[in-house]
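The chain that follows stands alone, in the form predicted alone, written as C-alpha cells.
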C-alpha cells in the first residue's frame, strides 16, 4: 500500500471571503509535489488596518517549499483571486496558468511589480490538460460575475478533485460561459473524490437568477429617468456594464464610463475577444456638453471606495461632472458586508443633493455565486465522495458542510493553515502550518504580527506626545519642551496641555538624581511615565509618548 497522500491546504479564503490561496499536494508526507490555486488579496479598513494598501496571504510556508511547487493556476480575474500575483510571484517563481482574459490581468499585475509577464501562460479549457508533476489539470468553464471564470478538474493518483472556484449556475450569462450540465456530468463520470466548493451564498434559499434577467428592468429604469442617469456596479462585472450601456443606448442617451478600473476592464474584454459589441461611449470632455436628460454615466465605486468616481461625485465635482436635484443614481450591486458605512455615506450625500438613489434591489442585480439549491444541484451532479467547503466565512463553511452531510456525503470544515488529508474515505486534518497575512504598506510588505499597524492604531486611539530634553554634563539644560499630535490643546485645569506637561516634567528634572540623569533609558522611562500620568489627569487619556534626550558634552 502506497504511503503517498493527497492534501488540501488553504492559505487564504477559508473562513473569510477574499484573499484566496489554496494548495494541493501529492506524494510522501512532507515531500508532496504542490500546486497553488489562486493568489488573491483582501482589502483593508480604517478600524483594523489603517494606512494599509492591500492584505495578502502569508505564503511563508509555500515559499520555504517553493522547490516543490509545480505550477500556479488562476481561476478568474477578480482581485481576491489574482490581486497578489504581482507582489508575491518573486517568492514562488512557478509558471502561472490562466485563461486569456484572466491572463491579461495577471500579466499586468506582474508588469506593474517589475516581474516578467511571460510567466503567465494562456490556457485552454477542458478537455485540454496541463501536466504539473503528479497532477493533470483542466480548466472547467463556468459562469460568474466576470468573464472566463473557471473551475479546475484536478486529476491525481488518489482520485479526481473538482475545485469550483467562484461560480453560479447561469444558462444565459450575457457574457462568458453558460452552465453546461452535460459537461459537468461528463467530468463526474470517472468518479470524483472531492468537490472543493464555493460557499458564499449557502444561506440564500432561492434558486439563483440569470444575469440576463436584469436587462429589461435596467432598460425600463433608465428610460424612466427624467434627468441625468448614473449607475455604479463592480467594474469587473463586464456583462453588467454592457447591459447598463445597452440600456442607456436604448433610451437614446450618450454613455460615458468614469473610473480607470471600469475603462480598463472593458478594454481587456475587447482585447481578449470576450467583448465584441460594446455600445459606443463618449469621453468625459464630450459628456460635459451633452444635455443632462440625454446622458448616462457608468461609474466605479459600488462599494463606497473613497477615491472611486461615485464617491468623488458625491463630494461635489469629478472631472467637471456634477449631480443635481432630480438626477437618478443606481447601485446595480450588492453591498459586501463591511462596506455598509462607506456606501451609506455616499447614498446620504446624494440624497442631500436631491438625487434619487436606487439601491439594494434584486431587480437590478444578481449575485455571481451559487445559492443553496444550486449548491445542492452541483453536489448531485458531481456526486463526490466528499465535499470540502471553501470561499466563505466560517459560518458559511459550516453550513455548507452540514448541507453535504445531510445528503450522506463526507464533509469537513478546513480553515486557513489546516493541512487536510483527502487520501482515504473521509477528509481529516493532519497538521497545521502558519497561515497569517501580510500587508502592502506603501511599497513595502510587512507582517501582520510585526507590530507596525498595531502601533499606528495605538497612535490613532491615544494621540502622541513628544518630549524633548537637553542634558549637558549630566545636568538638564533649560526646560523640557513638548509637542502634541492628536490631543486636545486645553485640559481640565483650563491651562494649555503643553504648559501643564512642561511644568510637571520640568519639576521632575529639577529633582532627578545623578544616576537617572546619566542613564538615557531610565530618564526616558521616567519622563514617559510622568507625561502619561499628567495627560491622564488633564484629559482622561494616556497618550503614546516619545522622549528625545539630546546630550551635550562640555
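Keep in mind that this is a model prediction, so the values were computed, not measured. Superpose the two forms; the largest set of C-alphas matching within 1.5 Å is the rigid core. Residue numbers count along the first chain shown, from 1.
The discussion below concerns the form predicted in complex with a further copy of the same chain, not included here.
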Inset, instruction - Look up in the predicted complex whether residue 263 has a non-hydrogen atom within 4.5 angstroms of a further copy of the same chain, and give yes or no. - result: no
Legend entry - Proximity of residue 463 to a further copy of the same chain in the predicted complex, heavy atoms at 4.5 Å: yes
Legend entry - Close approach of residue 499 to a further copy of the same chain in the predicted complex, 4.5 Å, heavy atom: no
Legend entry - Partner proximity in the predicted complex: residue 337 to a further copy of the same chain, non-hydrogen atom cutoff 4.5 Å: yes
Inset, instruction - Assess the spot marked by 46, 441 and 541: is a further copy of the same chain within 4.5 Å of a heavy atom from every one of these residues in the predicted complex? - result: yes
Legend entry - a further copy of the same chain in the predicted complex: contacting segment from 222-230, 348-356, 135-143, 111-119, heavy atom within 4.5 Å: 348-356
Legend entry - Contacting member of 470, 71, 282, 429, with respect to a further copy of the same chain in the predicted complex [4.5 Å, heavy atom]: 470
Legend entry - Candidate from 341, 315, 288, 93 lying within 4.5 Å of a further copy of the same chain in the predicted complex - any heavy atom: 341
Inset, instruction - For the heavy atom contacts within 4.5 Å of a further copy of the same chain in the predicted complex, list the residues of 437-457 involved, in sequence order. - result: 441, 442, 443, 444, 446, 452, 455, 456, 457
Inset, instruction - Compare the position of the CA of residue 45 between the shown form and the other one after a rigid core fit and state whether the shift reaches 2 Å. - result: no
Legend entry - Is_shifted residue 63 between the shown form and the other one (CA, 2 Å cut-off, rigid core): no
